[in-house]
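Just one chain follows, in the form predicted alone, and it is written as structure tokens.
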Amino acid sequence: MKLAVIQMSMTNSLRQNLEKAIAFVSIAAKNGANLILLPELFENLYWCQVQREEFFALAHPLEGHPFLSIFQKLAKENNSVLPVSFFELAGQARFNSLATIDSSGEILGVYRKSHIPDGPGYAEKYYFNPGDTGFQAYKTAVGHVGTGICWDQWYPESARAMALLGAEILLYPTAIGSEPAEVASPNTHVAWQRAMIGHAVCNAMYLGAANRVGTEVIHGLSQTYYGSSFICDYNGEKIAEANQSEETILYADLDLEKARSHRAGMGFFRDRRPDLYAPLLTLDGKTKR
């Protein structure tokens, strides 16, 4: 398997963003990638900086979606698997969602973001319902792929759940950048990478994260996205990494068979003790009786 992770900037034009995303995907496929990851909500600027009713109109249902069919066609033409982020409308609910498109062009399923942040610069609870799909791992043409979305990547429970569901590689489309003045740590990119590298090590599998770059201004608020997209192996070694400002495509050849052997040898999934993990099912750590 050859993984490509795309780091790109966005505008407030859906057409421009789609043209750029399609171009990047096409280049990645031409260079041999058969699993290609785009950033979170690449269809627009990251509107969650602010709380404005006008942005609810950006959501669309899965059926008849304005651009998912384009990527279905692209996946089939290029024989590539494409996890594609989109703002989903479902009845009266709205979700931060990800459709995993197989190399046949079929949508294997839709994952809805489980962990929804709510803080300065990331007011996602205003726009998104908490995901109701549970964590997902899809059997694709290139292997079992587990997909989380941005804030999910900070939670070891998310990664472990996807691994238990059969994932062999963890993917996280992302939109994260400089924090506003209300937050003590203005740049979290090092901790951001370390958290996910920990997931790769503790689940003994490859991992890729795709972030955006550039400064985006919405209704007078500004946020600069710090890139730093990367791919790491099952030992936590970074095998491809982008800088904090440039658009680029990262590539890595993944040896899933070697990772399977390593994972079995480490014994993490042999020595687990689910009978002792009841506190994880509570908010305060107290086992309910």
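No experiment lies behind these values; they were computed from the predicted model shown. Note that residue numbering begins at 1 and tracks the sequence as displayed.
Not pictured, yet referred to below: the form predicted in complex with a further copy of the same chain.
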Looking at Gly143, Gly131, Gly121, Gly214, which has any heavy atom no more than 4.5 Å from a further copy of the same chain in the model of the complex? Gly131
Have a look at 167-175, 149-157, 68-76, 84-92 and name the one stretch with heavy atoms inside 4.5 Å of a further copy of the same chain in the model of the complex. 149-157
Heavy atom to heavy atom, is Met266 within 4.5 Å of a further copy of the same chain in the model of the complex? yes
Within a 4.5 Å heavy atom cut-off, is Gly236 in contact with a further copy of the same chain in the model of the complex? yes
Test of understanding: in the model of the complex, would Lys139 fall inside 4.5 Å of a further copy of the same chain by heavy atoms? no
Do Met205 and a further copy of the same chain share at least one heavy atom pair within 4.5 Å in the model of the complex? no
Three-residue site His199, Pro274 and Gly285 fully in contact with a further copy of the same chain in the model of the complex at 4.5 Å by heavy atom: yes
Taking a further copy of the same chain as it sits in the model of the complex, which residues of 100-118 have a non-hydrogen atom within 4.5 Å of it? Please list them. Ser114, His115, Ile116, Pro117, Asp118
